[in-house]
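The chain below stands alone and is given as structure tokens, in the form predicted alone.
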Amino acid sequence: MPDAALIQRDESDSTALPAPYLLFLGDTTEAAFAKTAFGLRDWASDRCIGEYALADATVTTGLEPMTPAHAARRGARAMVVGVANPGGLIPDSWLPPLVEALAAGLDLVAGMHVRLADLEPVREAARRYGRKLFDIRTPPANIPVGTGRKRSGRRLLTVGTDCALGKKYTALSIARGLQARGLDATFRASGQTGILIAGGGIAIDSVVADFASGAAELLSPDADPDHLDVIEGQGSLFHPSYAAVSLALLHGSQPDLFVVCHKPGREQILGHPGYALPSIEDVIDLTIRAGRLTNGAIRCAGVSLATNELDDDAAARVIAETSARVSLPVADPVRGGEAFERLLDACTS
């Protein structure tokens, strides 16, 4: 077989990844860090067979628990690392189960900053068992520096008050909602989970900083005037760690519209105690001021709220209150309904 270190995700080929998947949750205790697993469960359920977690894990997707050997007997072809932890690390405690999956006849797929092919025990096990390693957080070669050139077509970017609060779900929901209306819209993935769902894209946070805005330009190229690229946002302009990638994505995307994503009840930046979440109004203001560098006509189309921890009445109340406060359409795209239809209306104007 080829050297495992040379096997990378082919961004142009949506069939390159071997499905169905077993989702690996590691020893995760924070649900927000398992967003890759949840994203695949919710948006690519036909490609997911079950989940595999270590004893210390407290997070579950609700899929059937199974070992790699069991999953292989059920038809799984790969185990996907379903965790997106801070720094994209693969701890030593994960190495035995990763090797176990290879021994069971599964390929491995990961979108971590630490590449599977750089881990000697995993690389050697892949050689020994004749399996493949797919590191999808590998950017394409020869990304140009951003130009700021105005491109044809229209673009919408999801931005957030923080990480892990619905930017990907919102972009997917908007793209699919507009497609259901017969409109020409495409979801553009900028992170590892989105790439797994869509079958292509660029993991913006893996691109060298000088080329990140150029990568965003590649992600949403010239298009027909009526075409809308719905671009998955990353991080937050207010995040102490990830603001840089958010700004590069904003400048390179040149969005005509943006939707602010927020989780009601969250008060501090995830994983950063002492850093208060910005207000939705502050995010709107800063996004417009920064975005005007490459698109002077940028504007906010509305707000997306992740209300999954609220009951129906509480969700409806916070959606209505937020809409009245910011004077924009507000919805939870997962809940859908009339509020989401109004947000879709705003995305077409």
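Note that the structure is a prediction, hence the values are computed from the model and not measured. Residue indices: 1-based, along the sequence shown.
The form predicted together with a further copy of the same chain is left out here; the points below concern that form.
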| item | value |
| --- | --- |
| Residue contact check: residue 213 to a further copy of the same chain in the model of the complex, 4.5 Å heavy atom | yes |
| Proximity of residue 129 to a further copy of the same chain in the model of the complex, heavy atoms at 4.5 Å | no |
| Heavy atom of residue 181 within 4.5 Å of a further copy of the same chain in the model of the complex | no |
| 4.5 Å heavy atom contact, residue 237 and a further copy of the same chain in the model of the complex | yes |
| Sole residue of 123, 77, 263, 137 within 4.5 Å of a further copy of the same chain in the model of the complex, by heavy atom | 137 |
| Partner-contacting position among 95, 243, 223, 103 - heavy atom within 4.5 Å of a further copy of the same chain in the model of the complex | 243 |
| Region of this chain that lies against a further copy of the same chain in the model of the complex, out of 204 to 212, 67 to 75, 166 to 174, 183 to 191 [heavy atom, 4.5 Å] | 204 to 212 |
| Interface residues of 266 to 292 toward a further copy of the same chain, as seen in the model of the complex [heavy atoms, 4.5 Å] | 272, 275, 282, 285, 286, 289 |
